[in-house]
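A single chain comes next, written as structure tokens; it is the form predicted alone.
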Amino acid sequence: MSYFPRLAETFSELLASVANDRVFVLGHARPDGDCVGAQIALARLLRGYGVDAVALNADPIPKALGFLLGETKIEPLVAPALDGRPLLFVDCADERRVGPKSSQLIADCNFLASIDHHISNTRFARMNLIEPSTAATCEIIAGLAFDFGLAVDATTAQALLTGIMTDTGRFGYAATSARVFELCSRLVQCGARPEVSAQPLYENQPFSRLKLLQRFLGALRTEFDGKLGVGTVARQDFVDTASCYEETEGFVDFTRSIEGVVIGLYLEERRTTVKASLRAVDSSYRVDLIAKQFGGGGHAAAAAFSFEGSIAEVESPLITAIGNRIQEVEAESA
């Protein structure tokens, strides 16, 4: 069977265009499991196809994902490294997702291809392999690898399984389809081991993260008669708990897990910006459209954006926008 027949022609064209060439595989800033897994897997698959593929990212890889970086490194994204070569983007809804400074570095580069699953993808590359119905970019890459008979070794399979595992919320989100389980079964057959990913990601938590989580949970609240869950982490919280930004991974999920909540909002205050993440109980809430109002995007049920300023400046207008969206959905379903 073919997993992604609609993407076959474009992927075939992509393989032909990079044959025996040198290319760079770029992921988004503040990389997560799907991003890192996709970068490593695509680079390795292309190398097996005879392509000199190098993965680049503007930000360091989180410690919890370090187990994926054995023989396949992700190098820093800096101007001298680019060398005018074609760029392949993974898990990026637009070219700005590589980071504000990095997007300026690549402005004049060859945006050859984009492989992504975000509904808000702007199709900014010459070849766009976009499938919003999938749970993860790693799902797309895994399916294409099997469709085209590319060599999927144990290391590549582990990277792909990790990306799928994280972006499905350990196989608990609505986009977790029968195809996801079939692909994961094949990845395990190729040598991937679920426990290798699960242990560092979910069972080896720094104590500083738990102290930060304790403070975060203590300040959780709801708005709009319990339909909006709101959680925040201020800059001082990081200082007081000796924690770092990457230790907040998954905090947004607590905002949505409250009984009666239909949209969860997480606000994280950094040095000069605020990272806002939104999660909805289902796709009807189109939180990507809310994020778009503030310069962001994402999925229908999961979206994000960054705001130059403080939590105090963005919280009120954002909560108002979310409240309006909740009212619109309720009116549509009445």
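One rule holds for the numbers: they count along the sequence shown, beginning at 1. Since the structure is predicted, the reported quantities are computational estimates derived from the model, not experimental observations.
Below, we turn to the form predicted together with another copy of the chain, even though it does not appear here.
Three-residue candidate spot 277, 325 and 328; no residue lies within 4.5 angstroms of another copy of the chain in the model of the complex by any non-hydrogen atom. Out of the listed residues 85, 211, 235, 126, 211 is the one that sits within 4.5 Å of another copy of the chain in the model of the complex by at least one heavy atom. Only one of 103, 122, 222, 155 comes within 4.5 Å of another copy of the chain in the model of the complex through a heavy atom, and that residue is 222. Heavy atoms within 4.5 Å of another copy of the chain in the model of the complex map, among the stretches 105-113, 73-81, 194-202, 88-96, onto 194-202 alone.
At the 4.5 Å threshold, heavy atoms of residue 256 reach another copy of the chain in the model of the complex. Heavy atoms of residue 63 reach within 4.5 Å of another copy of the chain in the model of the complex, making it an interface residue. Taking the partner from elsewhere, residue 184 is found to have a heavy atom lying within 4.5 Å of another copy of the chain in the model of the complex.
Although the partner is absent from this view, residue 218 contacts another copy of the chain in the model of the complex, with a non-hydrogen atom inside 4.5 angstroms. In the model of the complex, the residues of 158-187 lying within 4.5 Å of another copy of the chain by at least one heavy atom are, in order, 161, 165, 169, 170, 171, 172, 173, 174, 176, 177, 178, 181, 182, 184, 185.
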